[in-house]
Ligand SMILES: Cc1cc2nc3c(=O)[nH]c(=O)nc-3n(C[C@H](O)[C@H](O)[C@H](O)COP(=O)(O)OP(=O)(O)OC[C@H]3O[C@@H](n4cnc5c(N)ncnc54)[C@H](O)[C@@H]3O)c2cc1C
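Here you get one chain, nothing else, as structure tokens; it is the form predicted alone.
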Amino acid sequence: MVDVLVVGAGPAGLAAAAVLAALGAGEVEVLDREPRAGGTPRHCHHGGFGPLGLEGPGFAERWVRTAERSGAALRTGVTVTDWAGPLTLDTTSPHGLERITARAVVLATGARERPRAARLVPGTRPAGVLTTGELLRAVHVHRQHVGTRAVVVGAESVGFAALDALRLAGVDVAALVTEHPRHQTSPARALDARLRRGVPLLTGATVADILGRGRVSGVRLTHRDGRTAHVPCDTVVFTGDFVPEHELARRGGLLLDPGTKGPATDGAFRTDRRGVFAVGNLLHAVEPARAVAREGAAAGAAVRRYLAEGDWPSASASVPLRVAAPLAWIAPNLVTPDEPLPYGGRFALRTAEFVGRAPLVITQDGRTLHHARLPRPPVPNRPFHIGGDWAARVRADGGPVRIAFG
């Protein structure tokens, strides 16, 4: 038996483990199915992870060292397969099967991009179709040849990161394709791709068909106005469209939020099962690694309080938050009245469409809790945040809280 079992050795899990060990939470163990700890940043060979242009591998290694120096035990190559009890997990590794019981479990399993099959893109099944994660591993870890001419699907920041990896691998990019009317990254980055690298951005377009036998030979695009186009290429990279790695939470029967598809949690990262916490991009796919690490540290402090005090709200004490389209989700998605606000005193939200500067309205049983315009128009597939002062006005005996654009 251990005191805390953390599942997932990405930034959130490592930060939570580091804080827990540093605060004297007892035996803290971190498990990860990958051969090395650090999570997705290990494959992100670009800046943006800290001062002086710190890249993903350096950021990951920094958190691995921090967790180890704090006294947490890291075990890689260990896959958690199922629950054997409320706080007991079964694992498998090259050393065999194992059953581990903990006083508290922290799920930090992260998120992943949906592959082509999950996006229901028609066509043949040739080689040369990748997600960004597969592309980064092929280029930076395995040094594999990935193709000569690519189409990148998705114009979020991660799509532009895919452009960087393709350029490093010597692959020409035929086009960047998005269903939205414009890109979802910084103007400077989009301008650099279009003007300096000559990558055309095709907006309002979707991949209707992938062509080729054995190897991709092209894609057929459908534009919003009904036009179609054939783009020759031998590689297609699907980017963005992240979903939480919620399989373990689902197998454990934890309550999942209908918006995020991750475990429903309150501001203290508590799920609906006593002693089980969730943190990081499992809750909001996805936020930047640095933000996730800060959140992991806050979760570590919350778990430490639970171990010391044992407080846990009853299911009836938490009020669910529900969003209306085009909002996609809000996190955390439970409010426990009279409890502290979530980490940073704010909630994260995401919209599925461009919506301009319409006011955001939060109500409970027809009673207005919040009504204000956002400082900047939200962008699809990019999180935005609102303060949480309104949460103090949520009634525990009321219905679900509704969040919508007015």
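Bear in mind that the values here come from a model prediction, so they are computed numbers and not experimental data. Just count from 1 along the sequence shown to find any residue number.
The form predicted in complex with this ligand exists for this protein as well; it is not shown, and the discussion that follows is about that form.
- For the residues N381, T40, Q364, T66, the 4.5 Å heavy atom test against this ligand in the predicted complex is passed only by T40.
- L31 is the sole member of L360, L31, L369, L349 with a non-hydrogen atom within 4.5 Å of this ligand in the predicted complex.
- The stretch from 146 to 154, 192 to 200, 172 to 180, 237 to 245 that comes within 4.5 Å of this ligand in the predicted complex, counting heavy atoms only, is 237 to 245.
- Heavy atoms of every residue among C44, V80 and P288 are located within 4.5 Å of this ligand in the predicted complex.
- Under a 4.5 angstroms non-hydrogen atom cutoff, this ligand in the predicted complex lacks V401 among its neighbouring residues.
- Mapping the unseen interface onto this chain, G110 counts among the residues with a heavy atom inside 4.5 Å of this ligand in the predicted complex.
- Using a 4.5 Å cutoff between non-hydrogen atoms, A12 counts as a contact of this ligand in the predicted complex.
- Although the partner is absent here, V4 sits far enough away that none of its heavy atoms falls within 4.5 Å of this ligand in the predicted complex.
- Shown here without this ligand, the chain has no residue in 167 to 195 lying with a heavy atom within 4.5 Å of that partner in the predicted complex.
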